[in-house]
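For reference, the chain that follows is the form predicted alone, supplied as structure tokens.
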Amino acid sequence: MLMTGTEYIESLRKLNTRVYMFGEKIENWVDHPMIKPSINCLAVTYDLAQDPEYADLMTAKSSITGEKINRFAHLHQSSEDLKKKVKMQRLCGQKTASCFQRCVGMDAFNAVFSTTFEIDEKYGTHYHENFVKYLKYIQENDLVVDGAMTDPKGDRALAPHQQKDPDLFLRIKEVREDGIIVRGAKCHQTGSINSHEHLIMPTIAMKEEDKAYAVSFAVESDAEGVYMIYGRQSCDTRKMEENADVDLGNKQFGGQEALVVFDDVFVPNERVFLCGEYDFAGMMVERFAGYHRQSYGGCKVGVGDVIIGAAALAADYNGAAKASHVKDKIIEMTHLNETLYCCGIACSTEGYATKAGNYQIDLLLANVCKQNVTRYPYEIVRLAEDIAGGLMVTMPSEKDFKSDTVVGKEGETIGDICNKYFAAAPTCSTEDRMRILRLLENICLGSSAVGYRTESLHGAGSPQAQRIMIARQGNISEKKELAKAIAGIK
């Protein structure tokens, strides 16, 4: 059954998720002003699935049950499915101008599904059966799952088993007859607080010495021993200001990251999908990373659409829309944004079936997609800030614009003065101009930046991670043979 956005929010209230912020436990985290916008973002993924206009993108037929499900819980069955995924992500980015936090779980589903099939094929385990039953439960209940891969890592020069503190990579502490005990943490976890479940994967390829760290499993967000520490964002406490509105830029939506701690958490056997088979850790990581790097050709493009629109409005409001250099900058922003989209569609079009039956993207093109995402959004933001002007970061507060404190010799208030001196083109009000500049500040520099600017660099792996994969997938030896053939070298 497909939930509505309201039903999703209400379902979170039934959880006993342990959330900490500013050194204190947050009892009612669902309604906390700093967390609420990120929950609203997720609610959009539910409401769009209810809208007939977007049903083809937002829903799919389950390959497990045959029932209609939210596409965020779907196993890709074709290249067309992979393309619809990217288009869905662009749509969600356009509707929220932020991170809607559901992509990581979807990408984890597809990576774990295909990898567990091949683990069972080699070792005769039951991980794939476990996972299919788990995903069926997720689909039937329309749940949000946080896909968790990134470990704290400690000293990057050392392997997991070499770390001074063994908990710096999440590990199997104990294997019991009925399950396992795990300990450690996952950091930078997108949407973790707002998820019903967590699907854990290893963070790197491993050797035999690290097999205690080769683990994949699922737990409820409020499982005993699991707790989360909310990650700060720039300008985040603005959301806690009384009657905050204009200053927020994107008042309704926002992203969310957290440190998720596993303090000796018990995982029953039926929720274990990898337990010491270290030779498959790399496969799971590589497949997940490929899917998630494809994702950025959709979600970042949707947010980019909003940035381009906001920059164009800022030009209108500043009276500069007809300037040739402004027109050219908006053209360049559009070119860069659509190039990112092209990469997302291309790696989807070149998708292929795995042994398990779901579809994998072209790994080389997916990594090229993400490599571009580490660069182009920064240029898009630079151009948007150029068009917007310095007022984007120097304007007084919303309270100043609404202040009735008298300061002028003719009885003008602070509000009168602000509205007078920050007026621009007669086609807009001063408040409308402030709103669009605050939106750009929010996306380019503020609390939505976690869903666009900085995440474009580090999300789904930092630039060097893609370059390693591009080198591995680039098939230079074959290219050498092509050159030899043309040059006549035997």
Partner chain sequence: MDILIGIKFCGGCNPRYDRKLKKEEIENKLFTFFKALKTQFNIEHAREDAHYKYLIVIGGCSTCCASYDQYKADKVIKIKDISDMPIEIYSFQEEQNGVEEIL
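Numbering follows the first chain given and starts at 1. Everything numeric here is computed off the predicted structure, so don't read it as measured data.
Beyond the structure shown, there is the form predicted in complex with the partner chain, which is absent from this document and is the topic of what follows.
Remark: residue 56 counts among the residues lining the partner chain in the model of the complex, judged by a heavy atom distance of 4.5 Å or less.
The partner chain in the model of the complex comes within 4.5 Å of a heavy atom belonging to residue 341. Taking non-hydrogen atoms only, residue 84 approaches the partner chain to within 4.5 angstroms in the model of the complex.
In the model of the complex, the partner chain stays beyond 4.5 Å of every heavy atom belonging to residue 426. Think of it this way: in the model of the complex, the partner chain has a heavy atom of just one of 125, 77, 94, 269 within 4.5 Å, and the residue is 94.
Residue-level contacts in the model of the complex: of 196, 90, 292, 186, one residue has a heavy atom within 4.5 Å of the partner chain, and it is 90. For the partner chain in the model of the complex, the listed stretch (23-31, 432-440, 36-44, 57-65) containing residues with heavy atoms inside 4.5 Å is 57-65.
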